[in-house]
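What follows is a single chain, given as structure tokens, in the form predicted alone.
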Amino acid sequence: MAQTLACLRGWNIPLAQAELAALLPDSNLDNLSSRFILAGEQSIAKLQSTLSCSSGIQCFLHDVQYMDFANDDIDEFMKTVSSFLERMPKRGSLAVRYLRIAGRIDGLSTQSLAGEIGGLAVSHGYSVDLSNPEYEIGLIADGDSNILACGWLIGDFDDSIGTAPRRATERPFFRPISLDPRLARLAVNLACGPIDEYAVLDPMTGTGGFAMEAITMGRNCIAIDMDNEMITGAKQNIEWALENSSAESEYQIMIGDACNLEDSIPTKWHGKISGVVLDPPYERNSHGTHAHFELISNTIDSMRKVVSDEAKLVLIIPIKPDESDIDIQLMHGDWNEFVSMMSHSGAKIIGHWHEHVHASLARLILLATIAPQD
């Protein structure tokens, strides 16, 4: 396999790195000196399927050539690019696209260099077509690390990931506290990994934010809520989202109890849940007198009766906006007590990340293993 480079989006780099690892679990992509770029080897088919559902990955470059602009020779870099163009069994029209991340590289005009690479391509028998090319070359310049990379572009440099039309305020049924669809999509990928025939489980679906993202990326999905109003609204949102989607998946949106999933979920899905996404209510909830920790604990106990062997849980909890990993301050309850509750419930925390909401609120995106009960 040829050398591959992954370029991450900038809205939350640590989360994007975690999503990349989840969607390509067998990859050997490693960090370069850049926060945004990882390199290694991977098949083109996996790269294309990964981009089709990703939230935090901007694009891939395949058969990539890269250099440290501050220390390496640009002429030698251009020779490797020329060799790369010569050896590829591709001829036809192409365009050279360029992307600057984290500012400019001092002493480099990325636009001019893209033009030079286009000239090299012409000398090797390609024609240039910027409007409708058969092939695209990507040129990425990272001003933070001085890394310059060039390769066949898989994906594009468009900053939009297609989730903006599904923002809460655009939906037919919404609540102001709904998650940003970028985060909802990333959480689904983090919990479930590559798309397969199994289903993602959203046991407290609310307005259906997780379910919308899962279904529109082609995942099977089971979404449950105890509130009939929420189920009706979630169905409206999903039908609305699918109007502009060609994704095909099997999904069920139903009344049910997150603390009794074994009875709520059809038996055909027992043992075939690839991951669980959970954003529980932290004010008044529809589960009677359950305290917050008790509700989460009972839900974890319940989900462990229906998930697959490799399933993971992504749990989103509100915290005070402090970036410290040492002193996490929950909005509801004590962090150490929370960690103890997770452990006693059979969930092992394997990662957590912060997402800023506003001056007085942040979210903790927590990833845990949830071994099925015997």
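Start at 1 with the first residue shown and count on from there. It should be emphasised that the depicted structure is a prediction, and the values quoted were computed from it without experimental measurement.
Although it is not shown, the form predicted together with a small molecule is what the next lines describe.
Heavy atoms of residue 256 reach within 4.5 Å of the small molecule in the model of the complex, making it an interface residue. Although the partner is absent from this view, residue 226 contacts the small molecule in the model of the complex, with a non-hydrogen atom inside 4.5 angstroms. Put simply, residue 179 is close to the small molecule in the model of the complex: some heavy atom of it is within 4.5 Å. Within this chain, residue 194 is remote from the site of the small molecule in the model of the complex, having no heavy atom within 4.5 Å. Annotated contact segment (heavy atom within 4.5 Å of the small molecule in the model of the complex): 170 to 178, selected among 96 to 104, 170 to 178, 268 to 276, 136 to 144.
Interface residue among 153, 204, 114, 148 relative to the small molecule in the model of the complex, by the heavy atom within 4.5 Å criterion: 204. The listed set 295, 215, 183, 121 contains one residue whose heavy atoms approach the small molecule in the model of the complex to within 4.5 Å, identified as 295.
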